[in-house]
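Here's a solo chain for you in C-alpha cells, the form predicted alone.
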Amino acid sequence: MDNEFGDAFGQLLADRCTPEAVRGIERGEGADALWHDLVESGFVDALVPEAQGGAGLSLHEVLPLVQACGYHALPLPFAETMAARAVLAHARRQWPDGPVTLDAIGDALPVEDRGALHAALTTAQIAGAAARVLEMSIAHAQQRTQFGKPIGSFQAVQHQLSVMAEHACAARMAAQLSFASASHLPDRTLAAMGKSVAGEAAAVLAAGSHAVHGAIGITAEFDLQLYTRRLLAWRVQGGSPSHWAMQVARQWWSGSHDRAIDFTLERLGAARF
C-alpha cells in the first residue's frame, strides 16, 4: 500500500483475512479472533488524538488502511469503527467497545458531515476492491486459454481489461480526493465528487470482471464474487452515484460561480493531500 501504515495493515489482513476466513464469517462463524487482532494492532485508533490514546493521524494518512479493507474484502466494519471512534473522541465522548457503525456517532456530528464521511469510507473501499478485481481479471486472462491461446491475447478481452484499468484508476483517484483532508473529517464536496466517480467505477469493474471470467466468476467457490458483491453493495450504500453527483451540483448552484469548471477547480484547490 502507499505508506508504512498501509504496508503493515495490509500484511495483517493478508495473513488473517483470507478468502477462507471471509467465507467463514459470512457463514456465521465467529469473528471475535479477527476483530481482536485488528484492535491489538492499534490501527483502529489511528484517527483518535494522541492526547486520548490514539495515533493522531489525519484522514489522508489512513487512506491505505481503508483501501486495504476493500482489497481483502474485510467482513467487519473496521473503517467505520475507526472513523466513529475519532468523531466521538473529538466530541469528548466515550466510544463503545467492539465494532460499530457510524450510527454510534449519534448527534456528535451533523447529518451532512456523517453522510460525507460514509461516502468517503465506501469510496476508499471501492478503490481497494477494484484493484483486487483488476488483478484477478488480468491473471485469469493470462492463464485461461481458448483455441490454444491465452484469452488475454484476444483484442476484445484486452479492450475489456483496459476499460477496467481506466475505472480502477479513476476509483483510486476518487478515494485520494475524498480523503484529501488534514483532519479526521472529509470535505463535503470532495467526498461527494469521489463517491459519484467511484460508484460508477464499481459497476464497470463488477460487470467487466465477470465478463472476463465467464461463468466461473459467479460460483460460490471462486473468490471473485467476494469482491464484486461488495463493489455493488458499496456503490449504493449511503446514496447512488447520481445522488452524490446531485449533491455536487446543488453546492455549485448555491455558490457564486457561473461555470461548473470554476467551482470544481476551487474545490480541488482546497484538497489537502
Partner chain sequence: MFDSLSLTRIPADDEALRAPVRAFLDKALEGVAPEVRARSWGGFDAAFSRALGERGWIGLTLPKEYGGGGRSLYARFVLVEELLRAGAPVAAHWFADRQSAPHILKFGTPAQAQFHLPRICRGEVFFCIGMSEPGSGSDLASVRTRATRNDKGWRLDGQKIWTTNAHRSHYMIALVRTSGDAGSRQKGLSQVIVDLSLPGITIRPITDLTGDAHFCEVFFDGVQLTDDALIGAEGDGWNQVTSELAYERSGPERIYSSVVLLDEWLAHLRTRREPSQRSLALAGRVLSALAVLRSLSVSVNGRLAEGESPIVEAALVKDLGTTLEQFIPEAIADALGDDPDATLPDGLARTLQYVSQIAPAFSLRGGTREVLRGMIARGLGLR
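Residue numbers count along the first chain shown, from 1. This is a predicted model, so every value here is computed, not measured.
Keep in mind that the form predicted together with the partner chain is missing from the display, and what follows is about it.
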Partner-contacting position among Ala108, Val100, Leu161, Ala203 - heavy atom within 4.5 Å of the partner chain in the model of the complex:
Leu161
I'd like to know whether Glu166 contacts the partner chain in the model of the complex, with contact meaning heavy atoms within 4.5 angstroms.
yes
Does the partner chain come within 4.5 Å of any heavy atom of Gly255 in the model of the complex?
yes
Taking 4.5 angstroms as the cut-off for heavy atoms, does Ala180 touch the partner chain in the model of the complex?
yes
Although the partner chain is absent from this view, report whether Pro75 comes within 4.5 Å of it in the model of the complex, heavy atoms only.
no
Does each of Gly53, His210 and Gln225 have at least one heavy atom within 4.5 Å of the partner chain in the model of the complex?
no
Pick from 114 to 122, 132 to 140, 91 to 99, 78 to 86: which stretch has a heavy atom within 4.5 Å of the partner chain in the model of the complex?
132 to 140
If we check the partner chain in the model of the complex, which of the residues in 97 to 116 reach within 4.5 angstroms of it by a non-hydrogen atom?
none
